[in-house]
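The chain that follows stands alone, in the form predicted on its own, written as structure tokens.
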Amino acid sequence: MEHAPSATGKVYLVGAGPGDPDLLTLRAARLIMQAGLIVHDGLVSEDILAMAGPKARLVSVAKRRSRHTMPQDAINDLLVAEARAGKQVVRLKGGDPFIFGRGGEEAEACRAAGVPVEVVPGITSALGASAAAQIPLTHRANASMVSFVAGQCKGLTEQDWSGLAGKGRTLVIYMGLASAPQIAEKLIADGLSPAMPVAMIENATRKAMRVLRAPIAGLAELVVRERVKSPALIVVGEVAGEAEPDLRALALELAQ
């Protein structure tokens, strides 16, 4: 069923970046400060939400592993309904709306309903986290390719990641904290050296940020020992060991 476009309402899919308000685009900051309604993810930092105006209505649609505040279809319906009611709706997402943010699904829902939609890009977590940790995702000496994958998804073991991690390549894994043991096993089974450096970046760009390093064979142990919590990003590749001179010796020791 087709619907007539809303006369005044609009949906803005806005990237909030990895957490530091200073990393917002000017467009994103202006929309947040002017918004009457903000529908936000759980990964949007409190510092960014604090930028909303005093009369703004904030609606959390936070998603956690096996526990969603609101199913995706219901989020789509909410955005469409509020826009049809004449609201300027800011849909605020951690990172970038089109990098593992389901922004594509929400844009499709708006277009199908005849609701105007605009996408405001943000610094995706991979770029923000690696920059804050001073880990170059590409480097002329040891990385000419970088790939992004989701570590929390159905059929993880059946996914083909061969060729994404190894010499000369960097693999960035989003949402991989809970499945870290399976990820390590999968990559090693696919032929990745157990000594390959890994960096776990927790709370990237925020005050509580930590950068934890280990060989891929020690990833699961690292998560448990350091009690790593979300949000956390995993970087796999030689670039992850660049700033840690003792890492290679540790990796070889654990791999034996």
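Note that residue numbering begins at 1 and tracks the sequence as displayed. This is a predicted model, so every value here is computed, not measured.
Here the subject shifts to the form predicted in complex with a small molecule, a form of this protein not shown in this document.
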**OP:** Decide yes or no: are Ile99, Ser125 and Met175 jointly within 4.5 Å of the small molecule in the predicted complex, with each residue judged by its heavy atoms?
**Re:** yes
**OP:** Please name which of the stretches 181 to 189, 71 to 79, 158 to 166, 90 to 98 has residues with heavy atoms lying within 4.5 Å of the small molecule in the predicted complex.
**Re:** 90 to 98
Subject >> Listed residue that, although the small molecule is not shown, lies within 4.5 Å of it in the predicted complex (heavy atoms), from Ala199, Ile216, Ile32, Ala204 >> reply: Ala204
Subject >> Proximity of Val239 to the small molecule in the predicted complex, heavy atoms at 4.5 Å >> reply: no
Original post:
Does the small molecule come within 4.5 Å of any heavy atom of Leu233 in the predicted complex?
Top reply: yes
**OP:** Indicate whether the small molecule has at least one heavy atom within 4.5 Å of a heavy atom of Leu43 in the predicted complex.
**Re:** yes
